[in-house]
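Here you get one chain, nothing else, as structure tokens; it is the form predicted on its own.
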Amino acid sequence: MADKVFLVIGAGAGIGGHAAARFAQGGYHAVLARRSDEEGLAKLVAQIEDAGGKASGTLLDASADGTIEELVERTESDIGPIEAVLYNLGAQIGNRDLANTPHRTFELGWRLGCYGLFRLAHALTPRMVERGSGTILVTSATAAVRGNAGQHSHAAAMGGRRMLCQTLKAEFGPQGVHVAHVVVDGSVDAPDTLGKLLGDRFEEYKASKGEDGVIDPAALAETYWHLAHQPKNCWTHEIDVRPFSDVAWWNDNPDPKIRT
């Protein structure tokens, strides 16, 4: 019998890797896809397998035409039906004013933040509709609901991602496909993203936030698990999460150390 699959596009050591581990714990075959760092990918797969789960990994340039589509086809053919997918690609290109945001850099943010999700949905929703079930989970950011100076590419990509999720939900929700948009309104303890952005200031930054002041990706993975297993009569489309000590995006002033 083919395994039921949880596919993660953007499987770093933070949100993506922990979500994959949680779904593998729950009986899914986790397929982890990331752009680079084959050694890090193999480590995540090995950790899941060592814990008794099933997992496989693949390197993926999601910005290149045809790659997402090929991954969906190969996964469904070789492993099993993709019952849940997490689109977890970031689109942060750094804090740049408009004059220092080249056209191709802006476009790359859109390709990763919005167009990739469109391509994933285009490839996967017909299969989910045919089966009458499936969950598309989408990690998002504060930039999806608030644009800040220096965030032209990121805010445009994330805002588009949010609206795309709403249109997908409107079309495919009545056909049995659950689309959930998760606004991560706070810093995540993720070495592959925030850790790289802050470098040697990462630990200092986390300490400055206090105990439980940074989102634990393992705890966030429980939110994804819950969303993927809600009954149809009580589906959540959009949820925002943040540490208890943070104020919501609509009341917050950007921390100069990190802009979401």
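When you see a residue number, it is the position in the sequence shown, counting from 1. Note that the coordinates shown come from a computational prediction; the quantities given were computed from them, not determined experimentally.
Although it is not shown, the form predicted together with a further copy of the same chain is what the next lines describe.
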Can L60 be called a contact residue for a further copy of the same chain in the model of the complex at 4.5 Å between heavy atoms? no
Would you please decide whether Q151 lies within 4.5 angstroms of a further copy of the same chain in the model of the complex, comparing each non-hydrogen atom pair? yes
Is there a non-hydrogen atom of V129 within 4.5 angstroms of a non-hydrogen atom of a further copy of the same chain in the model of the complex? no
Although a further copy of the same chain is absent from this view, report whether A156 comes within 4.5 Å of it in the model of the complex, heavy atoms only. yes
Checking S56, Q230, Q47, T67 against a further copy of the same chain in the model of the complex, the residue with a non-hydrogen atom inside 4.5 angstroms turns out to be Q230
Relative to a further copy of the same chain in the model of the complex, which residues of 105 to 144 have a heavy atom no more than 4.5 Å away? F106, E107, W110, R111, C114, Y115, F118, R119, A121, H122, T125, A143, A144
